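Before any questions on how it binds or moves, here is one chain, the form predicted on its own, in structure tokens.
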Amino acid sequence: MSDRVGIIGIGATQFRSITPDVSYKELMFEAAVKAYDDAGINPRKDVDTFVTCAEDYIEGTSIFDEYVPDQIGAALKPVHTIGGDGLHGIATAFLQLKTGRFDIAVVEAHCKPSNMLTPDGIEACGQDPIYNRPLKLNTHFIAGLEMNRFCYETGVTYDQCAKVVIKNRRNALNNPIAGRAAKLKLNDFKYAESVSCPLTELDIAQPADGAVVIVLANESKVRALKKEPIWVSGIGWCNGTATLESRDWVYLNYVTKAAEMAYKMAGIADPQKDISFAEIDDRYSYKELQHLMALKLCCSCNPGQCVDNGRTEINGEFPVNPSGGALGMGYMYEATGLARLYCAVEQLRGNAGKNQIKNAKTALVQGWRGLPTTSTAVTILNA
């Protein structure tokens, strides 16, 4: 096994609700150019392996890695697709580098939902074709059921869920790449359109177009390039049950298992004390609280209290989603976790501007692939 793995370059486009002026390939190219400039490398000469994160069905094409090489400088180089969140791509690149057979790896993820005519129909095809799909239950309906059960079992209130949205979209106001920033008040939720009770339109992260590219290198290459990296000290991943009928709708054991795997690798004994801040999945408002509980990052059996007492604010005891999360940046399918990682690296570098956290040394980044999946990945980063 080789030495440590660090992140030496990051690049991202502006995340926007619609991008009629550019193709997904141009988005990828822009993010790649920025990442390679940040890393100070030439992809054609220096990169050994490339990973792209995409779902063929969403893209509308099969074997998607065939459409990747030109715009990220990977022609005639090893390229393969991971059908998962961008953090699964980071885990893949991390393991490749740890074999000692590669020095530099690149992970790319992008999304252009403004091109999708029937996103609900596409997502429905992820449901069980025998038991669930005939019921024609879209993902937001399922999320509404889960939110209702989660709040009932834990005592989390709908107002506490709303405060998650208010916090994250406010944080996004000072994130230059965020595409869904807004200044909201609790009263706004009284008039929000109901989607699947108790889930409202404001509780759902809205889609955004964008691309992110991350460059990783093993320690010997980091030293040769004289870079100051952000080290990847822990990685964990887990898939839970694939069926709606057999899962726990309150306690996400698969997230806990992924986190424990990452904590063990990173030497994290007490995540609430050893981690400076977290960037976790907030596809829906209640999910931030549900994931906080599963990651063992809250002090109470009711994670909503962390929002009420300001603990998860940027200037709080344990900041959560200072980037704005998916609620504030936009939901980007496979690129969602990678966007969160990008912002965590900026924090650890001290480049987060008005959203900068004091003394940020260690970050947890968690991604979830969205309903109906129970697929997650957790990454621990150190400055």
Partner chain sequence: MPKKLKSKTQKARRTRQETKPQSLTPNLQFMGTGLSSDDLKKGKVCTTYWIGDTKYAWDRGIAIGKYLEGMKHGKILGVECHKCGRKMVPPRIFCEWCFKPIDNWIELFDTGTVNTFSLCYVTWDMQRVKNPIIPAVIEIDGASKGMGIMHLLGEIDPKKVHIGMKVKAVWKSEKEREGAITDIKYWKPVK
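Residue numbers count along the first chain shown, from 1. This one's a predicted model, so the numbers in the text were calculated from it and none came from an experiment.
As for the form predicted together with the partner chain, it is not shown, yet the points below apply to it.
Peer 1: Counting only heavy atoms and a 4.5 Å cutoff, which of 317-325, 354-362, 339-347, 63-71 contacts the partner chain in the model of the complex?
Peer 2: Of the options given, it is 63-71.
Peer 1: Please determine whether each residue of 259, 271 and 332 possesses a non-hydrogen atom within 4.5 angstroms of the partner chain in the model of the complex.
Peer 2: No, because 259, 271 and 332 lack any heavy atom that approaches the partner chain to within 4.5 Å in the model of the complex.
Peer 1: Does the 4.5 Å heavy atom contact test between residue 47 and the partner chain in the model of the complex come out positive?
Peer 2: Although the partner chain is absent here, residue 47 would stay clear of it in the model of the complex, with no heavy atoms inside 4.5 Å.
Peer 1: Quick check on residue 283: any heavy atom within 4.5 Å of the partner chain in the model of the complex?
Peer 2: Residue-level check for residue 283: no, no contact with the partner chain.
Peer 1: Can you tell me if residue 170 lies within 4.5 angstroms of the partner chain in the model of the complex, counting non-hydrogen atoms only?
Peer 2: Residue 170: no contact with the partner chain in the model of the complex.
Peer 1: Can residue 174 be called a contact residue for the partner chain in the model of the complex at 4.5 Å between heavy atoms?
Peer 2: Taking the distances in the model of the complex, the answer for residue 174 is no, it never comes within 4.5 Å of the partner chain.
Peer 1: Counting only non-hydrogen atoms and a 4.5 Å cut-off, give the residues of 41-65 close to the partner chain in the model of the complex.
Peer 2: Heavy-atom contacts within 4.5 Å come from 43, 44, 57, 58, 59, 60.
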